[in-house]
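One chain comes next, on its own, written out as structure tokens in the form predicted on its own.
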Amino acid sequence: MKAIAVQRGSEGPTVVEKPRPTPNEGEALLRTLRVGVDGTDHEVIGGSHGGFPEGEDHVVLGHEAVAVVADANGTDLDEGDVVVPTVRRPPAEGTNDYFERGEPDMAPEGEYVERGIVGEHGYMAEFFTSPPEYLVSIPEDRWEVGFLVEPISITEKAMEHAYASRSAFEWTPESALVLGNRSLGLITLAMLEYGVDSDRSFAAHDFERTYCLGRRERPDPTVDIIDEIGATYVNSNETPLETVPETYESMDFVYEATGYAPHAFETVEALSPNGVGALLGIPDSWEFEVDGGRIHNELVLHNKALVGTVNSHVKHFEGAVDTLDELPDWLLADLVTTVATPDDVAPAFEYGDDQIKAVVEFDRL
């Protein structure tokens, strides 16, 4: 079968031939439909994040996938079910407390592997196998956008943790700022602007005023989407983060998805009293000067909070399926700017002002 992989010493993804996997007992065989490409994939390709499976000279990419059950292999799945796989799996030495508690997303480095990222092959292949407990069903008619469940789940977890940090008192946020206008930032912005019909308290909340900070100049397709969502675009070339409170307002919630290290500290000053910032970016090592005393005082004297969050698990994926169904069709259509195939995969990994979200399509329903 065809797979898209990064090989040791290579400078980019390549198409490789691999044997079609045979599911072990307790696993199902999945036929891949679509796999999304995101910033983490580019980091794995560039070698700044992730790692190869032990003893392997390559890693198959892809962690945002949607697939159909090709062989249930005695599991409780049905052939033809459309599913989305989660990302983390137990490490080679076996399971641990985090997985046994159903909280692998909270495990520290070394206590897990991640499909397509570190220590385990991903989903960017014609077939893959998985135990059913790491698969989440989605409606068949959502297969074309099902790969978005994984990135939405990242925000589901981030919002859950942000709200948990404010759960000791009555918190009624009105303003929200998303840092970064790539696909994850745009999806998150829409979630904050529209809210969703759900019994999850954070998901049901729509913010009265939403903003998105980015570096692009008009005209730009991502800015067009921000405008259509109904949010305010903040051009950081004109209004850097530290000036946002003065130019617009202090924010009750800030969602950082840039990986730009100074934003972690600037977020604290951009927050309003009792506000919370969620940090999701993973920057390279970077030394710079900050006023540590001022930041400390802002956190303490104004009851502000920062939460760091990475990965997600089944409950967040399940919530993401509901959220996906609530997002407008025009947004989902505008996000996907490239649909590549294994026979011509290069366009999926190209950067450009017109590239928002690329996918590799292996098959269709």
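One rule holds for the numbers: they count along the sequence shown, beginning at 1. The shown structure was predicted, so the numbers you read here are calculated from the model rather than taken from an experiment.
Separately, the form predicted together with another copy of the chain exists; it is not shown, and the next lines address it.
Annotated contacts: 106, 160 and 164 all touch another copy of the chain in the predicted complex [non-hydrogen atom within 4.5 angstroms].
For the chain shown alone, residue 218 is not a contact residue for another copy of the chain in the predicted complex, no non-hydrogen atom being within 4.5 angstroms. Although the partner is absent here, residue 333 is not a contact residue: none of its heavy atoms lies within 4.5 angstroms of another copy of the chain in the predicted complex. Contact between residue 314 and another copy of the chain in the predicted complex is not found at the 4.5 Å heavy atom cutoff. Using a 4.5 Å cutoff between non-hydrogen atoms, residue 194 does not count as a contact of another copy of the chain in the predicted complex.
Partner contacts here mean any heavy atom within 4.5 Å of another copy of the chain in the predicted complex, and among 185-193, 126-134, 220-228, 289-297 they occur only in 289-297.
308 is the sole member of 46, 328, 308, 53 with a non-hydrogen atom within 4.5 Å of another copy of the chain in the predicted complex. 281 is the sole member of 281, 91, 245, 240 with a non-hydrogen atom lying within 4.5 angstroms of another copy of the chain in the predicted complex. Using a 4.5 Å cut-off on any heavy atom, the residues of 251-268 that reach another copy of the chain in the predicted complex are, in sequence order, 256, 259, 260, 261, 264, 265.
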